[in-house]
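Next up: just one chain, as structure tokens, the form predicted alone.
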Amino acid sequence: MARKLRIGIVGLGGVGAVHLEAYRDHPRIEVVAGAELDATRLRDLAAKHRFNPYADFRRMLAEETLDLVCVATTVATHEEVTIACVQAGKPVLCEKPIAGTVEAAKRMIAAAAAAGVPLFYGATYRFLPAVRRARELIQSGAIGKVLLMREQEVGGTGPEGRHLMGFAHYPKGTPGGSGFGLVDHGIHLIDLFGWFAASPVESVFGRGNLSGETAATEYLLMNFQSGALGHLLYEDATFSTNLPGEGLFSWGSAWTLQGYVPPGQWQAAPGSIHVHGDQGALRIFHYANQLFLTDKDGTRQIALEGRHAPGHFAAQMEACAATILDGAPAAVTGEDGLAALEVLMAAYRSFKEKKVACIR
């Protein structure tokens, strides 16, 4: 039997708990330790998932034999925790966004390189079945040249329903906002659009919210070197214009403006990604696990294989295991996280300066 990847997780809040659920009973992944400041949460999750609990992640690093550390803490701590882990000789999978500043991300990447260990980035959307199949179709030429990629999350229950992440996630005055805003959610799409277009972003214009300041509609326009355009639009303090017949059943777990939706539930306004090419177009229901292709022959549904959400977390960790245990190339690296962060921060710079911001 192949050896399992021995994992320690730092940070067992919402996303850390999702990681734990995704790895349960996995033939190649074993969570052996976890570190969390909330003593009650640590005790309960350790009992449920049978790992060694630590209040101090540095003690976990010293006492456990680990193949990888998953950093699922708040963004403000990513740099400190990641650098401590790589300096202890442990490869790291760091959740998104990779850091709170571009400079911090660069220091993390440099520390991992100096220690000679991999730094993986949590671009989990790349491992959703509908997204992976969509990219295969794009690479095969099914929709021709990519012209436009877009996603929007607009809805909610009015201003009182806006759910801001708070200073624990994003320190006061830094890029932040809601869970379905440009920073916490849009960072996934920034990464995906570059992956789909197979091209870097060369300039942007946008507006993002700052933690603790009055929130407004967020948007981002990305100009890719290939000529493609990416468009993101987010507002969670209004109401959806979706009509009753425009929903569908989600076959995967989903995170929506209304909160978490278990598998098999109806979604009135399911999240989706649109990719338009000169020969066809794709509608990607990434969490609902459905994919549609439209071209001159009409619209048809594309069959999907693989684990729907939250199984995509396990699929990503399998890719890490393939690199660490088998020597395969890394699927998603710290440099990918840095590239997405540079685009995000350029959006803030563009709005402040009232002009298009160039990348690098």
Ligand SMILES: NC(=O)c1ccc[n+]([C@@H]2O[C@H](COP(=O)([O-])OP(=O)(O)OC[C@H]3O[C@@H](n4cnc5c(N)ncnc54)[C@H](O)[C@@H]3O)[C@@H](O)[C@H]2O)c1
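For every residue, the number given is its place in the sequence shown, counted from 1. Not measured: the values here are computed from a predicted model.
Although not depicted, the form predicted together with the ligand is the subject of the following passage.
The partner is absent here, but in the predicted bound form a heavy atom of 255, alone among 224, 251, 255, 205, sits within 4.5 Å of the ligand.
For the options 169, 135, 162, 126, the one in contact with the ligand in the predicted bound form, meaning a heavy atom within 4.5 Å, is 169. Within 4.5 Å of any heavy atom of the ligand in the predicted bound form lies no heavy atom of residue 194. Contact annotation: residue 77 falls within 4.5 Å of the ligand in the predicted bound form, judged by heavy atom distances.
Contact annotation: residue 95 falls within 4.5 Å of the ligand in the predicted bound form, judged by heavy atom distances. Residue contact with the ligand in the predicted bound form: residue 287 places a heavy atom within 4.5 Å of it. By the 4.5 Å heavy atom rule, the three marked residues 147, 209 and 231 all fail to count as contacting the ligand in the predicted bound form. Only one listed stretch (61-69, 30-38, 296-304, 320-328) carries heavy atoms within 4.5 Å of the ligand in the predicted bound form, and that stretch is 30-38.
For the stretch 173-193, the set of residues having any non-hydrogen atom within 4.5 angstroms of the ligand in the predicted bound form comprises 184, 188, in sequence order.
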